[in-house]
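One chain comes next, on its own, written as structure tokens: the form predicted alone.
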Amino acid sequence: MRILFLTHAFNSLTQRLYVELTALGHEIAVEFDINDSVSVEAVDLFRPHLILAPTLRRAIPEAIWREHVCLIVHPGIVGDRGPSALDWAILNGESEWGVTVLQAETEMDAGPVWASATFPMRAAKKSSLYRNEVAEATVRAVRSALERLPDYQAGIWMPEPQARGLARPLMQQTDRAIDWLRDDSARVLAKLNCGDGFPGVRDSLFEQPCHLYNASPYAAMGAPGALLGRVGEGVVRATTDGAVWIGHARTEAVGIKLPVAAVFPEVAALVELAEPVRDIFYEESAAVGYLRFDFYNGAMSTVACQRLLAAYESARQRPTKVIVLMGGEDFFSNGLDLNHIEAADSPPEESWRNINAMDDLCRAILTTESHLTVSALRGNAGAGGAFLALAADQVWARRGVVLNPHYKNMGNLYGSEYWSYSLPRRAGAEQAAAIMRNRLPLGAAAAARMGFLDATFGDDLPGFTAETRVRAEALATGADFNERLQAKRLRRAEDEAAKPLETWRAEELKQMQRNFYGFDPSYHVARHHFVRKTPHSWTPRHLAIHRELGWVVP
């Protein structure tokens, strides 16, 4: 079918649906819902068999839904209505939640139900729930709805009308407001979690108004509301029964999310607490070292890369046989920390420092001769983070992972992380060129067929993690381990003799230098709009295929 995605943004959920439905053979076009006339024009051009709205902030125009089947993805259970469904579910401590696919009608979220799926809630940030449980439930529900479309068109099946249910309003900052003198840690975390990603929780630090993000529990006690000290780049604040760590903040003056220490110089004067909040973890089991790194939103600043490199170097000294790079649950890595670069005194200089720190990390992995290495992608990966994964000998991914292994959407960046060496070595020169030209998301199954991944397995995080351990331990204990390791050493030596890694790096960085310091400001403009969430004024042509010159309905 031709399916038009009418959406507010091409976010993680929309990308996941794009990948899943494209794999089923459907032709997908995307139109950002900018205004009614633009949406109507898109429908006229593409003539879709179905309109799907994965992420909307306003109603579909009546001129569209009266003439076409329009299915809305609502991140709430059947009967739930309103734009803050997941926010309220987190704040109210729901034990089970879900996704409903319903038909567009006059009243928002009130149309008949085509399909639904539920999942158990966990104590987590809204952004994490959205990328994992909500995404998986959405895929199940949308696929069920599509299977019912032929019967609906034949008149032998009709969607079920909704009961009135509960219509909740848009959650306001007054609903999220923290009462530091009365709220316990669980309540504080629920409020911070339900605003994480967007819009944050309005509060204050150092007597300055700000929005707070990225919180986790912390074992400490103090006067409720008091700042007890600093840990890493965040601060610890007391609740009525304990404390929470707050990692990121945004002020009107700065305008973007940054680590609290980068927003408030006053953090440096706080006492440094002994118990760290870890974003890098290392553990060993059965001759395998597992290195997890869970950086906020997958962004890896210069300092984060340096810290991870130090942890990796330490892991290389251990008497293990295999090192598994696990990334985080939500993201393996998204490469450069664009927010940190945007806030720097000199974005070109910080970009240069950041890419070199990424390259240093990749080189350490590529030149490891003491161990076999594995990248195990539990979460999504994009840009340099996808190519960081390729530095390992084996690359595995969870089935639901979405990759964006390209740089072009960030102002036509050339990219580094030794991609020009590692990608053709895996996928072949022709396939590598096609991957780098592509601006669209890539599903794990397609990435495996292209050679970008070695294996894809596991339908959920626990299943993927368990299977990763089984496979990694099999590598470490296999009778052919020494043979594999020797073959790796020989190939690296041959590759180095043919063209040293430093040459590959120098060629890439020459191109990146033009991106950072050259006359074309595309990278800096794209980064600025990306980190400051500039509203879309048009849909990029690689998404809006119906707007390409010469487009005709097949």
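The structure presented is a predicted model; accordingly, all values stated were derived computationally and were not measured. Position 1 is the first residue in the sequence shown; the rest follow in order.
Same protein, other form: the form predicted together with ligand COA, not shown, and the subject of what follows.
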| query | finding |
| --- | --- |
| Contacting member of G382, G443, G458, P259, with respect to ligand COA in the model of the complex [4.5 Å, heavy atom] | G382 |
| Residue among A215, C194, L413, L366 with a heavy atom within 4.5 Å of ligand COA in the model of the complex | L413 |
| Ligand COA in the model of the complex: contacting segment from 264-272, 418-426, 168-176, 292-300, heavy atom within 4.5 Å | 292-300 |
| In the model of the complex, Y407 touching ligand COA (heavy atom, 4.5 Å) | yes |
| In the model of the complex, L336 touching ligand COA (heavy atom, 4.5 Å) | yes |
| Contact of R131 with ligand COA in the model of the complex (heavy atom, 4.5 Å) | yes |
| S12: touches ligand COA in the model of the complex, heavy atom cutoff 4.5 angstroms | yes |
| Residues within 4.5 Å of ligand COA in the model of the complex, restricted to 487-525 and counted by heavy atom | none |
